[in-house]
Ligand SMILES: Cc1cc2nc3c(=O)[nH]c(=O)nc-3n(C[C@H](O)[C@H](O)[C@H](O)COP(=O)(O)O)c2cc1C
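In the block that follows, a single chain appears as structure tokens, in the form predicted on its own.
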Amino acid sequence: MGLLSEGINEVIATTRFNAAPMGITCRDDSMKMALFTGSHTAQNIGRERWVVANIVHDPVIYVTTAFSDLPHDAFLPVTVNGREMHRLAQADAWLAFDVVIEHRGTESMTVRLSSLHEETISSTVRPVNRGFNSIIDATIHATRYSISRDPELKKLIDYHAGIVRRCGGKRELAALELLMKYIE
């Protein structure tokens, strides 16, 4: 599976001038993503049949792309198998995929990914940072909380915010501040 490992890999998925945090599930030599059908990412993937997974270690990018759009200069065009695709300029690594829609429902769709190309740009080794990991979890909960206002999700966000404050660095703290503004 190259750069991705068994389990769910959190990446920033890009389509044409669109970026969003996504989980790519890798199990039994198969790679899949689940998407909400109303999202720009799902619409673009359904139309274009490609996606790029960007491996990024900046927590602010995860929060930003969960709640807003990036400017066009945040993307770099790349040609893969004769098709122009977009990756993030800040990516530490990226993987291009062909997409096959396996299931499309009214609220979600599941897609199967076939690897076309991958590139490592930065080989910096990064240790596990609980603050970074908790920003990812808090962001996932916050996207759901912003729609439902479920108090149980808010409790989870607050729990992860505590870990970020204890374990995170400057970028994790900046990402947390941004996240809290988005969900106010």
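Computed from a predicted model, the values in this text were never measured in an experiment. Don't overthink the numbering: it's just position in the shown sequence, from 1.
Only in words, not in the display: the form predicted in complex with the ligand, which the text now covers.
Residue contact with the ligand in the model of the complex: Ile140 places a heavy atom within 4.5 Å of it.
Put simply, Ser122 is far from the ligand in the model of the complex: not one heavy atom of it is within 4.5 Å. Looking at Ile55, you'd find every heavy atom of it more than 4.5 angstroms from the ligand in the model of the complex. Within this chain, Arg130 is remote from the site of the ligand in the model of the complex, having no heavy atom within 4.5 Å. Between 112-120, 22-30, 47-55, 150-158, the stretch whose residues reach within 4.5 angstroms of the ligand in the model of the complex through a non-hydrogen atom is 22-30. Highlighted residues Glu10, Phe36 and His40: every one comes within 4.5 Å of the ligand in the model of the complex, counting any heavy atom.
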